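Before any questions on binding or motion, here is one chain by itself as structure tokens, the form predicted alone.
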Amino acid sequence: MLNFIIRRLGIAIPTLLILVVFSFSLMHLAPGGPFTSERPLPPQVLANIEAKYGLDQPVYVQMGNYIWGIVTEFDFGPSFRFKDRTVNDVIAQGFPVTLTYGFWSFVVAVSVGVSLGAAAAIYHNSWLDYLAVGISIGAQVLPNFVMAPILVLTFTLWLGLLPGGGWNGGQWQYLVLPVIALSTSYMASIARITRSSMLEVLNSNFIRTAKAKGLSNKRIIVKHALKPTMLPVISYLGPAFVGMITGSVVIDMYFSTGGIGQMFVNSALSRDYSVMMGITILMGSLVIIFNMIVDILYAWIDPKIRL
């Protein structure tokens, strides 16, 4: 198992380095710059600003200094638009917000999705199966940019039960609508995968053997069927977890939560390349890390994967 983990780390580190190099190169290939606007600056002023931020150096020197700052000090550099603030400060302000509602979205999506999928498989072709499938299909066809306005219209404008935006320190009233809007589509996918996986497992030979031995249905499902059922679900949970904890641009923009997705859009519009780079590297790192965790969990559940 240790060798398997070391091999995965050996793949993850070069992948992250390639991501940094590729993202940095794309930023410099994009037209314009962080200090260009409708009213151009005088050449002398622009040269002084670029010298201050090290933008007058060759690209390979800038890239080397940038990577060295990340490796040695975990420093993503200064923001080009926010005076006296670094990229670390910007991320530290927005990421906890996104992490909070992303975490609860993950909890809701997994708990409801796995329960719906397992119930639909256990009571196959019953009214519960049809209800679970109907809920999953309905949630799947309503992405977050459609679900968000529907929730605001229903619970804010019509019923007046919940606020339609803002954060206010993460109080539960401000969490409910973003969590529902973000988790529904993921919940539907988890339910669908769980249902199909459990149906396949319940028709396996070892399940028929367990039934022939007289084991109760509860014992068969919990002790024998649930673990192999979760293999394809876990494969999906890695990128899904990253997608939820890094938030959604639609959720941040629509509910004005102040999360990292909103900051990413604002930095793109204002050409704050350093903030865009920092958020891109953060998201890419989380994807690589959690995919590696999923691989390790997969190998722990199914020892054949280690070979």
Partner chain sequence: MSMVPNTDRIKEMADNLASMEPIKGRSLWQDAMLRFLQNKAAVTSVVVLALVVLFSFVGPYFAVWSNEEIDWSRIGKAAELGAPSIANGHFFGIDNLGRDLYSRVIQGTQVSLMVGLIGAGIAVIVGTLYGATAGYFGGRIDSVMMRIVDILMSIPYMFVLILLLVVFGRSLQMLFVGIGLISWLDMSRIVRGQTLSIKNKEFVEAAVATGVPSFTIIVRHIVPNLMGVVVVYATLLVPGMIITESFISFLGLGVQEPNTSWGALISEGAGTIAYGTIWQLLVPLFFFVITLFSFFFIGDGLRDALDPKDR
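Remember, predicted model here, so these are calculated numbers, not experimental data. Positions refer to the first chain, counted from 1.
There is also a form predicted together with the partner chain; it is not shown, and the following applies to it.
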**Q.** Contact test, all of 137, 157 and 265, partner the partner chain in the predicted complex, heavy atom 4.5 Å
**A.** yes
Q.
Taking the partner chain as it sits in the predicted complex, is residue 152 in contact with it (heavy atom to heavy atom, 4.5 Å or less)?
A. yes
Q: State yes or no: in the predicted complex, is some non-hydrogen atom of residue 82 no more than 4.5 angstroms from a non-hydrogen atom of the partner chain?
A: no
Q) Any of the heavy atoms of residue 144 lying within 4.5 Å of the partner chain in the predicted complex? A) yes
(Q) Using a 4.5 angstroms cut-off on non-hydrogen atoms, would residue 297 count as touching the partner chain in the predicted complex? (A) no
Q. If we take heavy atoms and a 4.5 Å cut-off, which stretch out of 68 to 76, 157 to 165, 226 to 234, 210 to 218 is in contact with the partner chain in the predicted complex?
A. 157 to 165
